[in-house]
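Let us start with two forms of the same protein chain, each given on its own as structure tokens and named structure 1 and structure 2.
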Structure 1
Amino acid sequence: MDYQTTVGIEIHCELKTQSKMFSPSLNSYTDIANTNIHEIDFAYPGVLPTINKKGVELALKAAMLFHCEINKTMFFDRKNYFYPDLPKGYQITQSRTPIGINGYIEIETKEGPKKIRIHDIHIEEDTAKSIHHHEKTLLDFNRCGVPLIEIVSEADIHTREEAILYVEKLREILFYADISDCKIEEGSMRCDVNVSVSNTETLGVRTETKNVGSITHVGDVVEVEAKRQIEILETGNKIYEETRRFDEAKQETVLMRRKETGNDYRYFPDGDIPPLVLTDEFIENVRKTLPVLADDRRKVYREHGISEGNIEKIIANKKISDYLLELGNIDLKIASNLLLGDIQAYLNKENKNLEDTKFTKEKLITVVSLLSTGKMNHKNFKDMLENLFTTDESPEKLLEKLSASNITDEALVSMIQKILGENPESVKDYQEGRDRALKFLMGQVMKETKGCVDARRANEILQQELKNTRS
């Protein structure tokens, strides 16, 4: 009997703000435990929360990037429940008026592009971090009150591949927009995966697997939870609405608690926070800050002939990607090869960042121009690399010192004729169709010129002179 798996994913993503969502505490929960806390985080009597403007801007930016309809008038609500990581006894969130609704993102599957709808994006505050140690649970309240957006998908996902692609695409957009650092391994992005199976048109009973710790594990959960549910149904038993967790070692989901009657969070408006009205001017100012996203960058890189492998390396390193886009109208293929190759190798060896050296954007632009016009070759670049990083001398000056610019075509022809005269056996081998003879002769040319010529031009002249010798 064929079953269809249906998946919805809720993603909690921490926002890159300096302070918490409703208090002046520092947003840096990786500091020493329980040092970034404030009376507002604990709802002490008489304290009043204040909305973090930057948090609203970042949430609005996310809603725009995910093609959502924007709620211009928003209310904050209290989600009431009792748990040790929630000292106030409630969480401030948006139940009735999420900042964005009815959005989508597009993923590229093996079958082609597919839209995954987003039900809503809402702003809320994070809870404290629970650290389980043997029989005890420790609490770090540095994370309590950190601004979050929760992104809730529709049940449009049906396979492991789609689930992984959805989370990857969403993470990429948030990261490139500088909305969040999206470090799943550190908990700044967390996924709850809802899975159900059914062999009819009616959706099955869903389970929710909480706090899945990596994008790969999101796919694992879809796979193993669907398999578990199908096995239960095949034996005639019943699926219950449950909250589960993923055991990575055993590759299975484990029951945490059963939802007998569903959750009653008793949402009601937070009386301490007045309605928030987003003006058209505020919305447009945020819209002007929308970045060039990864997919748009991929198109630019493909137009410049950069290989798919290098494109993904560039996209994975936003710093390099930003740097490339700032170089202007130059040969980005050559620039990317340098940045990913010799430049990155030098920086790694010296344990430095590019901005800490004297290799400016202007120098790189000049180097790319010299390489693309054949006035300089790659060996020249490697020879002057350290000086480019450590001195103020221009690439042209360094090139002059290497004497690369002094070898004219006429001088090169003369050198090649001399080499051919000294190696008649290799000339004969070439004329008899032995290709390795050409490589040998080319090696002699590079040796004679100490590598200070454009290899492509030298090869052209060498083959022309060999042709002349034959005739």
Structure 2
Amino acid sequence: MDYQTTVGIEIHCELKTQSKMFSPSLNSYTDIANTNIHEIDFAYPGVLPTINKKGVELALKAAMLFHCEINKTMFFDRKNYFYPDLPKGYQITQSRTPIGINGYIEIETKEGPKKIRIHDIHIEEDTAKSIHHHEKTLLDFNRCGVPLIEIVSEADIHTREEAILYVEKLREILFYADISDCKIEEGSMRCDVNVSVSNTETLGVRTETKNVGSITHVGDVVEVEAKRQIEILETGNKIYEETRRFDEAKQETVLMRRKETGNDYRYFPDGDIPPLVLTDEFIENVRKTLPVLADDRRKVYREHGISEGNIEKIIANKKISDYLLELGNIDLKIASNLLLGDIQAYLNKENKNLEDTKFTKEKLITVVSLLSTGKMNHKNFKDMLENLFTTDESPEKLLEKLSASNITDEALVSMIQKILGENPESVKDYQEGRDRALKFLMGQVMKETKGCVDARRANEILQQELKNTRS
């Protein structure tokens, strides 16, 4: 039997909450070190944790999106160990009653769709950040207590491709649901990759490569770690349970520490946090806030005939994607072309956000309908673009102005002749030297052209025509 690689991935994601999971300080750890801290984060004697409801809500959302069974009564447990970045000497986590269990994520492999099962998803708190500096360790407690969910996959992954697809899909879902900003590079999403190989029915000894720095590297780790393990086994040696890290430059995993047998975290229930009961009402309210996920959006876009290239561009820009969703039942192909094309270009040039301009959603909907019904062409749109962003005038009004300004001299002449014919009194007054009459006639011209004609040109033609009527 050939060697089979088996991979399980544990992913930690920071939740997008205002405050930390068990303390009131701000969840914003990129600020100046040790500014977002509280006596609770510092584990001062006598402090007690409180629960961030938003954190629970976001974790619940994730559990729902990953098709998990929900634990309606949740306990929090203490995971005890000593480390300088862990001020309490324990991490609050959920070991007995994770918020979600037995879920899955479906990925699209070359061989077709595949379900990667999720063992559980649980709430916990982040540690402080250790910064090693000149043989000293500095601690930044801004990150200490930041809400996390850990998503633990089953060992259902067997290839580089599957590993990458799994992490990509998971990231896309969390990102689209606004649960986490999922920035691997900045550490708001962290992947630990467990790899083992075996040429028998039983699984091999696994290693854990921690904190892999990008999705591609997750794939790399699967590949190089499997290769390394096979080589060891082939030379008759033994694999040990180890924690390793990935050296990106050398494209290899490096031993950090060998796992001691019986690593003993002395899990037990945290007496400071009574069981948290999620009411059906709470769960339903959270369910109502579930977003339309990327795959469902892709389906809609395809139905509208948007090109695959543009679909991925839209998916990659959640703001545009959300915006499209809110436009309702209009021609999204046209809308997306405008948004990705001229509108984006204008905004980039002006360095503005769409919401900061006068180009409202209502205007865009009108523009799309004018374009889709052929009442307007793309050149018209380009001509009115500036005004759409900077004035309050409606697209219809702008279109009228545009068509008026496009009026030819001949058309203008015949229009003015018609006006003069209809107002013989005024013509007479003019000829008798009353300037008032010219103003009145000019007013009629502007009214007829809805004010969209160049006034000087109209005035010239009007005076010329008045002369002509005299002779």
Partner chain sequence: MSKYLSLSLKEIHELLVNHTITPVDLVQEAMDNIEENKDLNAFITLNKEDALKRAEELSKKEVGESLLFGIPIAVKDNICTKGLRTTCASKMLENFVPVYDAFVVTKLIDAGMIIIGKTNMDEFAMGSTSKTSYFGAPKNPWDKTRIAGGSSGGSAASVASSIVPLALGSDTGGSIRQPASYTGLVGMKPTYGRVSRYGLVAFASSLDAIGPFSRNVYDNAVLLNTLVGYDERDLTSSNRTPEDFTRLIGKDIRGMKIGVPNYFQSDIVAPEILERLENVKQILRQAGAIVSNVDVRHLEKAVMLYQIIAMGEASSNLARFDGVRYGFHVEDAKSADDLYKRTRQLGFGAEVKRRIMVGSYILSGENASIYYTKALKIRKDMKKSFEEVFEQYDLLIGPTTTTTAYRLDENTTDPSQTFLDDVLVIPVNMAGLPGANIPMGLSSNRMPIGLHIIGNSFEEAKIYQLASFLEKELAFDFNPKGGE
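Think of the rigid core as the biggest set of C-alphas that the two forms share within 1.5 Å after superposition. Just so we're clear, the structure is a prediction, and the values are computed from it rather than from any experiment. Structure 1 provides the reference sequence; residues are numbered from 1 along it.
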- Could you let me know which number goes with the form predicted in complex with its partner chain? 2
- Message: Using the rigid core as the reference frame, would you say Ile51 shifts its C-alpha by 2 Å or more between structure 1 and structure 2?
- Response: no
- Align on the rigid core first; then say whether the Cα of Lys319 has moved by at least 2 Å between structure 1 and structure 2. no
- Message: Once the core is aligned, does Arg245 move its Cα by at least 2 Å between structure 1 and structure 2?
- Response: no
- How much does the C-alpha of Ala437 move between structure 1 and structure 2, in Å, when the core is lined up? 53.0
